Structure formats: structure tokens, C-alpha cells
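Next up: just one chain, as C-alpha cells, the form predicted on its own.
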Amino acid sequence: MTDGPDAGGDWRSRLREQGYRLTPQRELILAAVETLGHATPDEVLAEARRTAPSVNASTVYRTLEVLEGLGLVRHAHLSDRAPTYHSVGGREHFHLKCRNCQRVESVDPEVAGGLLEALRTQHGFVADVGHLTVFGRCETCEEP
């Protein structure tokens, strides 16, 4: 990530500019999201508690909301349960989710270029690719 906890003060400046204090919990939760790659709030909580056992669930949920509002994390729905958060410091991507083995693959938006262009020209609609998840079966699970 280009503006994560180990990369200087850009994200810290964004927090302050928006009127938020830089707290150890915010730094810890952003680091947990980055470490896990794609994680539900419960998974972020478990990771954060490895460093700070006193962190509670409400702190994680509130902090993820703040971090998403600042554009530091995004969420996608990779299941019918809690949203899955990921850092936005890397490349923009959408997700492929295998319904059989549960594997999640991050895919460059260019792969869906034809679909995105058709949505734009035929329907006047600009898709938010970062929230897109395509469900199906991976190549391994499709093999007989």
C-alpha cells in the first residue's frame, strides 16, 4: 500500500484534515486490514487483538467506517454475511469468488472492460468495480 501505516504520513494527514485524531486503534485496525488482505470485521478484530487484546468489536466497526469514508479501505460482499474489507493502497480490482472452495481472486478491472463499456453506453451506468463480486466455480472445482 502506498499510504499505509509503514509508508509515511499521507493517510495520517487525511485523518487530521477530516477532523479525526490519529489513534493507536485506527493505526492498528488499518494495519490488520493490510495484513489480512481481505477480511471481515470479525477477522480484523481477531488480528487486532493479537497486538492489543483490549480492542473491542464496536471500535473495529466504527474505525472501518471512518477508514472507508477517508478512502483508505473498501468493502465488498464476498458472502451473504458481513462485508469483507480490503486496503485501497494497491490496485483497483474486483473479485471472483468460488462457491465451492471459497477461494477469492482479485482481478484487474480491464478484464471486465467490455461489460463496463456496455453498461456505460447502453444503460448510461458507471459501475463501481471495487464493490463487484462475481460468484461461480474456479477452474480447479470445475474439473471432473
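One-based numbering along the sequence shown. Remember, it's a predicted structure, so these values are computed and weren't measured experimentally.
Heads up, the form predicted together with the DNA isn't pictured, but that's what we're talking about next.
Asker: Would you check, heavy atoms only and a 4.5 Å threshold, whether residue 26 touches the DNA in the predicted bound form?
Answerer: So residue 26 counts as contacting the DNA.
Asker: Residue 50 near the DNA in the predicted bound form, any heavy atom under 4.5 Å?
Answerer: Flag for residue 50 set to no.
Asker: Examine residue 109 and determine whether its closest non-hydrogen atom to the DNA in the predicted bound form is within 4.5 angstroms.
Answerer: No, residue 109 sits far enough from the DNA in the predicted bound form that none of its heavy atoms falls within 4.5 Å.
Asker: Closest heavy atom of residue 100 to the DNA in the predicted bound form, within 4.5 Å or not?
Answerer: Residue 100: no, not in contact with the DNA in the predicted bound form.
Asker: Exactly one stretch in 114 to 122, 31 to 39, 76 to 84, 100 to 108 has heavy atoms within 4.5 Å of the DNA in the predicted bound form; which is it?
Answerer: Only one stretch passes the 4.5 Å heavy-atom test: 76 to 84.
Asker: Identify whether the DNA in the predicted bound form is within 4.5 Å of every residue in the set 91, 96 and 133, based on non-hydrogen atoms.
Answerer: Not a single residue of the candidate spot has a heavy atom within 4.5 Å of the DNA in the predicted bound form.
Asker: Mind listing which residues of 45 to 83 have a heavy atom within 4.5 Å of the DNA in the predicted bound form?
Answerer: Residues within 4.5 Å: 54, 55, 56, 58, 59, 61, 62, 63, 81, 83.
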